[in-house]
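There is one chain below, alone, in structure tokens, taken in the form predicted on its own.
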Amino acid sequence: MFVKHGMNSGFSSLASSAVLRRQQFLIRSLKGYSVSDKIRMEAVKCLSGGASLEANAESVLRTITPSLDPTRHKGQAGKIAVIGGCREYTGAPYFAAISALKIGADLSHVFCTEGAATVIKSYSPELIVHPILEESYNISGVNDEGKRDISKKILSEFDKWMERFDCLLVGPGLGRDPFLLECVSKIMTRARQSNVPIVVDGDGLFLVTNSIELVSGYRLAVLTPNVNEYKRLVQKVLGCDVNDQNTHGELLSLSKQIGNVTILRKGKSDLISDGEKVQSVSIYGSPRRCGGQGDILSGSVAVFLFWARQCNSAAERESTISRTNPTVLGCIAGSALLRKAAALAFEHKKRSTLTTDIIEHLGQSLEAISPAS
């Protein structure tokens, strides 16, 4: 469930309600009130705070999830790339990439180090794995000029694929090797130049916290920090400790300071802000806090972000839904779906619930909200 906060929330709600009434009148006047129109109007209503809290998040899920259409070809439902995976961490990129497929993306790529590639491939033949990244230990005898050549080669290899991706997810299992992070910084810069949406999680947040210019002012970026990652961001950007007495105002300030980048602060309630307002997703999930759920969330947000952008483009053509920041919609949908899947998995596995159990319930949870049509 999500609700709005902010200094101008009252005025915004009145304005949104007026827009909603005009849109409803326009639809009835033109073609009648179809089921498709009704679903879209529910999403507009939820964003103005007019629907019940839990139903609002479900309305977003229903609205931005595309129907299964036999006329669509492979790739139209989303092509996601995960940048992460090193010799120590192979589970996180797998969880994120396979979650994207389980939700409904058509293709999921993983760009990782050679030491991680074989392991990740062994987890699933569904993933397309590219072992192009390098860590310092593997090039310890190479001089600075040689390292620059390796870096250029890595970027060149990634450039071959860049235009194919609908969203990049940077960070799961990335590690903190200096050379590796330097190369990923260049990949993020190139993605930004190409206007490719970027979701940043895990070690990607470590990179961004120390190089905030990588995402500053980029409205297509989403940061998904946990408690500790959020604390480091606040200290770095706002120069103070986290203020638990002013969570919404602080999140608004943090997002604005980074140039209205969307931030999904994970917690008991997930708080989401693009610097304009704060929204909360509080659907009950699971008391079992197994590692890897953040990877599911980031993979989910990457897919929903692409779907939300598609939905907004269609809405602009049809004039049946108000323009809404798709990064916020993607975060709402990803958070809500993870919580529902976690609750369903816990219902079956209880204390034995693992991340893989939650992943297996993603599709079921989404279909329960947004039946295929």
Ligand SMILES: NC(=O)C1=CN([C@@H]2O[C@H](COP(=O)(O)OP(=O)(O)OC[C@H]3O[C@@H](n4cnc5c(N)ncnc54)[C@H](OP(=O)(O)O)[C@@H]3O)[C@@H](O)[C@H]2O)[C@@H](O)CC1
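None of the values given here were measured: they were computed from a predicted structure. In case it trips you up, residue 1 is the first one in the sequence shown, and so on.
There is also a form predicted together with this ligand; it is not shown, and the following applies to it.
- For the three residues G91, D203 and N228, a heavy atom within 4.5 Å of this ligand turns up in the predicted complex in every case.
- Contact annotation for L174: at least one heavy atom lies within 4.5 Å of this ligand in the predicted complex.
- Residue contact with this ligand in the predicted complex: G291 places a heavy atom within 4.5 Å of it.
- Taking the partner from the other structure, this ligand in the predicted complex has a heavy atom within 4.5 Å of a heavy atom of F95.
- Interface residue remark: R232 is counted as part of the site for this ligand in the predicted complex, having a heavy atom within 4.5 Å.
- Contact with this ligand in the predicted complex, defined as any heavy atom within 4.5 Å, is confined among 100-108, 291-299, 159-167, 128-136 to 291-299.
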